[in-house]
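There is one chain below, alone, in C-alpha cells, taken in the form predicted alone.
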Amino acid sequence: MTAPHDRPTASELLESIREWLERDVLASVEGRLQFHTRVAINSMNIVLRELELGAAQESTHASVLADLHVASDAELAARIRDGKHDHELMQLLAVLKPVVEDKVRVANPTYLR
C-alpha cells in the first residue's frame, strides 16, 4: 500500500479482476473471446508479479549495470555489439544470468523450472 492511497491496493484490485475473469468470465465464453480472456488473465499475472518483485529486481539490475560500468541496457548492448566484452563472454553471461532470470520470473516463472 502506498500513501496516500488506502485499500484496496493496486495489486488487490488487479487480483480481484483476475479472479473474476478466471472464475466467472472464462467459463462462460468460448472461441476468440475465451482466448482474449486468457491473454488478459496472463497479462494481469505479469503486472501482479512486476508489482511484487519489481523494486528488488530494479535494484539488482542497477547494481549489475553499475558493476559493468554502464548506465543502461542500451549502452551494454552497444558495448557487446562493438566486441568490448568478447574476451570475457562467459563471465558476462554469469553476471547477466540473474537479470535474465528476474525478467523470466515476471514474464512466466514456470519457464525457470
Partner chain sequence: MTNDVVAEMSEAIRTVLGAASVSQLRRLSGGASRETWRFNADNSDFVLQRVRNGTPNGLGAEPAVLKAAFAAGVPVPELVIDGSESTALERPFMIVRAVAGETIARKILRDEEFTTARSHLVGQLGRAAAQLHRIDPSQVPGLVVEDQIRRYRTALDTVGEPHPVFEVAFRWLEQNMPISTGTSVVHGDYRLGNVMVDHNGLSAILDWELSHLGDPMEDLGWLCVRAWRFGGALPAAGLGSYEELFDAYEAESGVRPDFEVVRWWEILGTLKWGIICISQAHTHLSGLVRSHELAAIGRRVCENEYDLIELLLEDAQ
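Every value quoted in this text rests on a predicted model; they were computed, and no experiment measured them. Residue numbers count along the first chain shown, from 1.
Unshown form predicted together with the partner chain; subsequent notes refer to it.
Novice: Ok, 30, 58, 67, 86: which has a heavy atom sitting within 4.5 Å of the partner chain in the model of the complex?
Specialist: Residue within 4.5 Å of the partner: 86.
Novice: Evaluate residue 50 for contact with the partner chain in the model of the complex, applying a 4.5 angstroms cut-off between non-hydrogen atoms, and reply yes or no.
Specialist: Although the partner chain is absent here, residue 50 would touch it in the model of the complex, with heavy atoms inside 4.5 Å.
Novice: Is residue 22 a contact residue for the partner chain in the model of the complex, using a 4.5 Å heavy atom cut-off?
Specialist: Residue 22 lies outside the contact set for the partner chain.
Novice: Considering only heavy atoms, tell me if residue 92 and the partner chain come within 4.5 Å of each other in the model of the complex.
Specialist: Because a heavy atom of residue 92 falls inside 4.5 Å of the partner chain in the model of the complex, the answer is yes.
Novice: In the model of the complex, does residue 26 have a heavy atom within 4.5 Å of the partner chain?
Specialist: Flag for residue 26 set to no.
Novice: Would you mind checking 69 to 89 for residues with a heavy atom within 4.5 Å of the partner chain in the model of the complex?
Specialist: Sequence-ordered list: 73, 74, 76, 77, 80, 81, 83, 86, 89.
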